[in-house]
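As structure tokens, one chain now follows by itself in the form predicted alone.
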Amino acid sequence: MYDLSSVLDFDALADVRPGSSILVSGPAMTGKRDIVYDMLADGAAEGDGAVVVTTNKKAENVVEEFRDRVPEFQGTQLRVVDCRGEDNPDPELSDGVSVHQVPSPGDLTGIGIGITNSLEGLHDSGRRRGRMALLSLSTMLTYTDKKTVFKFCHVLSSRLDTAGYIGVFTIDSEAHDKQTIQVIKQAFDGLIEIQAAEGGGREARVLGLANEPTDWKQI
């Protein structure tokens, strides 16, 4: 089981089953990226593997953000799938971090291959546990339709299950219509919703990972 409750203090996140996929949903500027990175870094600090699929940040920036959180992490713990489609890809950054380049956030086949290769590489390096992050589904949805993205997430969940990893995915809840959000939600085992709290700050709740949704809680 995976314990994510040190990042967000909810009992529903204390025992997350391997293979689970969790959607982190909220408006822009509510800290979704930080929460997801913290979840991956928390595992890496214990020796787990990590895969980051980035659609808008350079792979170098991903490594920097990761090292800021886990200064002692080993390069073989982290794999990056860079979907920005820029020229002059660097297949390996400093510290032995491997990068898989994909031409576009809309190339879901290429992204899937990159994730599979990353999971296999981590397994070969002895990482039997790990966490994957995809940042973000909203970028993918500007390149392809919601049904295709839903199928991609559904297939990806089975790959995570086989690897014994968990996945956390972000989506901007205000960038899409309600029907799109509802379709995408169905591909996931659990949902973390984040919103601005009255009086300032943020609050979150967890759905799908326990018998009942949690109450909103300040974070």
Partner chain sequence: MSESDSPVVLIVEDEPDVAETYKLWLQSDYTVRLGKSGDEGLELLDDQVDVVLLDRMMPGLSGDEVLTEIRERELGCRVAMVTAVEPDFDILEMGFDAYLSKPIRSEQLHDTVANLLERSEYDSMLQEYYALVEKKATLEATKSSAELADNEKYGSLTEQIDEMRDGLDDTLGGIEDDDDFIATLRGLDNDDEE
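Please read all numbers here as calculations on a predicted model, not as lab measurements. Positions refer to the first chain, counted from 1.
There is another form of the same protein, the form predicted together with its partner chain; it is not shown, and what comes next is about it.
None of 63 to 71, 50 to 58, 174 to 182, 36 to 44 except one has non-hydrogen atoms within 4.5 angstroms of its partner chain in the predicted complex; the exception is 174 to 182. Although the partner is absent from the chain shown here, Gly112, Thr144 and Ser158 each have a heavy atom within 4.5 Å of its partner chain in the predicted complex. Its partner chain in the predicted complex is approached by Thr116, whose closest heavy atom lies within 4.5 angstroms of it. Using a 4.5 Å cutoff between non-hydrogen atoms, Thr148 counts as a contact of its partner chain in the predicted complex.
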